[in-house]
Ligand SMILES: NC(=O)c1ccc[n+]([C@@H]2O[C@H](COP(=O)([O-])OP(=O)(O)OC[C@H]3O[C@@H](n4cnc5c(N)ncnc54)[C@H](OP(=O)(O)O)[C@@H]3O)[C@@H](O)[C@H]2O)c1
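First, one chain by itself: the form predicted on its own, in structure tokens.
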């Protein structure tokens, strides 16, 4: 390893918050079982919050942010990983409690790592990142209606926030799983893109922003909700008997205007999806399924690759809801 490497470092001194690309010495990276030469990271909403002002997520400064990364092991102190292994890290509070992926190198604990599955590259892994990983968790939650609960086949599925990082991958994955996907978006100009991903129908989100009925017409076998608020409340009201709603976001609000009626009269399930505090075994399974569920050639059309320096200019657009591309970070660019 070279003595110096580049990384974004955020710092807090009194009332002054800073973010900059720095040249660091390798002794900046202290804790961990393996040293990883990073290929790629990505930009998630949580990353943008941290880059803005720490987002109340950083407990100790200075910190290298970046909650996801992929790369190749250069040094290992544990037998299960060796030099040359290609790996993925997502979740596990890297970029928050530990140094993260906006760096050319990372030193991490073995518990945080999974080996990259066959069939995808380190670049493709970060084309998905935490957002794509969460989307696939949601897709499997919806399919649990037929696979775990032994219920009727999941046919009609609604995906909210469908042009976002989670929603777009959920559209694709559920389509690959054989579902008829209806996408909700506030960006109707991207309807053709959503149909390229596999959506059968596209609905303007305005139709779901109204106050929900106590119990609407049962339309959906399953729902992947990335936004919360009234959109989720309407989706709950419109879910068929025994349907499953996988909820993973709150872009439209934290409050949920619903009642017990859909749950006790239709027996629906509201399934909360978290991508951080889950078992390593489950992570390995989900990542291993990605080659079957994702068409990376289609997904790549919505990818914008940026450098560490470019990331510092572009992250505010995510907080403002103005990004139309998934941001892939090439830390060596």
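Positions refer to the first chain, counted from 1. As the structure is a prediction and not an experimental result, all values here were calculated from the model.
Another form, the form predicted together with the ligand, is not on view; read the next lines as being about it.
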Query raised in the report: Quick one: is residue 103 in contact with the ligand in the predicted bound form, heavy atoms, 4.5 Å cut-off?
Result: no
Query raised in the report: Does residue 284 reach the ligand in the predicted bound form if we count a contact as any heavy atom within 4.5 Å?
Result: no
Requested in this report: With heavy atoms only and a cut-off of 4.5 Å, decide whether residue 165 touches the ligand in the predicted bound form.
Outcome: yes
Requested in this report: Check whether residue 248 has any heavy atom within 4.5 Å of a heavy atom of the ligand in the predicted bound form, and answer yes or no.
Outcome: yes
Query raised in the report: If we take heavy atoms and a 4.5 Å cut-off, which stretch out of 179-187, 141-149, 94-102, 232-240 is in contact with the ligand in the predicted bound form?
Result: 179-187
Query raised in the report: Ok, 198, 161, 212, 262: which has a heavy atom sitting within 4.5 Å of the ligand in the predicted bound form?
Result: 161
Query raised in the report: Which residue among 318, 9, 312, 24 has a heavy atom within 4.5 angstroms of the ligand in the predicted bound form?
Result: 318
Query raised in the report: Relative to the ligand in the predicted bound form, which residues of 25-50 have a heavy atom no more than 4.5 Å away?
Result: 45
